[in-house]
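Below you will find one chain, with nothing else, as structure tokens; this is the form predicted on its own, and questions on how it binds or moves follow later.
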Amino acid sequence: MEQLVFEQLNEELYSEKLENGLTVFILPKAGFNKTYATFTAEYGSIDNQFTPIGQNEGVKVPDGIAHFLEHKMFEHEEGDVFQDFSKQGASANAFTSFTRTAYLFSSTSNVYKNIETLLNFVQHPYFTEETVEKEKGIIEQEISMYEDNPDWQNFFGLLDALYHNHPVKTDIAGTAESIAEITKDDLYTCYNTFYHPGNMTLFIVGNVEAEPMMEFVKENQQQKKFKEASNPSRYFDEEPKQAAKKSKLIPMPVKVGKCLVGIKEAAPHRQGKELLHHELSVQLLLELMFGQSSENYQVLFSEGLIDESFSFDYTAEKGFGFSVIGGDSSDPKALAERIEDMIHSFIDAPFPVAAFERIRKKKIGFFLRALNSPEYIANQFTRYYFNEMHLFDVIPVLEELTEESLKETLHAHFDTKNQLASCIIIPEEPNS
């Protein structure tokens, strides 16, 4: 078992790659009452073209199957595994993102028993044609709910405007038509390929002792048999660098319009420290341009173009990345134009050195406070790990950033001529 000491953060992280390929991380937090664990597959909604483990030819599976598989994993021959966690005093959940599927629990007691339940249910798939057909109705209702959600439609409308072919533009849950095609055999194909221990990570954080917990996980895994580990081969259609379309307009039954402006990442294949450097730089630049302390935010607010819903974010994973800026607006078309103009003005203006130093300190403070949350640590650590980054490198990399490095990122990422797109939700006309 390897021990990594982070003196600046006063953290000790233990890790080991087991014989079956599973990577286990344990972060003891003395004084914490709650223990939180995530068991995560590097498999998300974008992984719909791949070569199944043990086969030579690639397949394409229906959109939404990773999310469908997540739903089905909680159902076993004996019933619903949520009830087992509940009896053991734990709160369990799961989520599917573009690139990950995570199963998790938090508890203040029965930690070993809950770890055993987590490992056992995720490593014991049970699908029948009957239960698969039954699940389709449940997920169809979930898809319908999101189709009526203007924020969700605004976000995926923006991704549709940004991307030509990449599956990130497709709703994580798929469509009613795509999930209707899913079969029991499809689920087993995806499970056997992506839920191999070699493609998964277990992260445990809380009031635990590293050595006995690691031995407990090892004993659990040694009782199970898996095929030899191999990296899944995934395929993606070629994606042009330019945004697919400049703007997209969606009429919906809303009282207030919505506007999201996106910047598509032109070089989406960064990994490791290069990605961490770029990601933190873009986040700082967005804060400088549109944070609540910025002049742009105050101007947009005083002009009545934004309200408290206004926000911004940057997402970057293997093969795709984008910035998103916007929120509710009484005039979403005007807001989209103002955001683009403000990005241009920021690029041309002298770099705000004093504001940069202030925002960097603010971000370091936020990160240190976030380390008090076991949920934040576990979820973020796994995401960073799958992108060959290290969560505990955030502060050193923030300290490395300079005015010049941020200027380079500013010109590399904020290409409004080729990479910018917007999606606008407008109130439907009566009787439309």
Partner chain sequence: MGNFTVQSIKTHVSPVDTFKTTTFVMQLRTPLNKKTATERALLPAVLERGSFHFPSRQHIQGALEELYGAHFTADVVKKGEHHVMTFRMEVANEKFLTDTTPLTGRAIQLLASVLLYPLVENDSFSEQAVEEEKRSHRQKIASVYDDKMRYANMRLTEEMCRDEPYSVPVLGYEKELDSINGQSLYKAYKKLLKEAAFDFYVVGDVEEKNIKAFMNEYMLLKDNNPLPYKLETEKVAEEARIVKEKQDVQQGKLHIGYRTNVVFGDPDYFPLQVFNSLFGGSPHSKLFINVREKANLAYYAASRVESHKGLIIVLAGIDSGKFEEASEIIDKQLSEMQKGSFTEEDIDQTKAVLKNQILETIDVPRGRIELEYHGAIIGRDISAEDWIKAIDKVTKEDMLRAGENIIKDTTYFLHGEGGDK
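Positions refer to the first chain, counted from 1. As the structure is a prediction and not an experimental result, all values here were calculated from the model.
Missing here is the form predicted in complex with the partner chain; even so, the following discussion is about that form.
Residues Met200, Glu265 and Val353 are none of them found to lie within 4.5 Å of the partner chain in the predicted complex, as judged by heavy atom distances. When contacts are judged by a 4.5 Å heavy atom cut-off, Gln223 does not count as touching the partner chain in the predicted complex. Although the partner is absent here, Lys246 is not a contact residue: none of its heavy atoms lies within 4.5 angstroms of the partner chain in the predicted complex. Taking the partner from elsewhere, Lys34 is found to have a heavy atom lying within 4.5 Å of the partner chain in the predicted complex. For Asp415, no non-hydrogen atom is located within 4.5 Å of the partner chain in the predicted complex, even though that partner is not displayed. This chain appears without its partner; in the predicted complex, the one residue of Asp307, Glu215, Glu209, Glu340 with a heavy atom within 4.5 Å of the partner chain is Asp307.
Only one of Tyr297, Phe156, Phe312, Phe194 comes within 4.5 Å of the partner chain in the predicted complex through a heavy atom, and that residue is Tyr297. Residues within 4.5 angstroms of the partner chain in the predicted complex, judged by any non-hydrogen atom, belong to 248 to 256 and to none of the other stretches in 248 to 256, 157 to 165, 233 to 241, 315 to 323. In the predicted complex, Pro150 is the single residue of 150 to 172 with at least one heavy atom within 4.5 Å of the partner chain.
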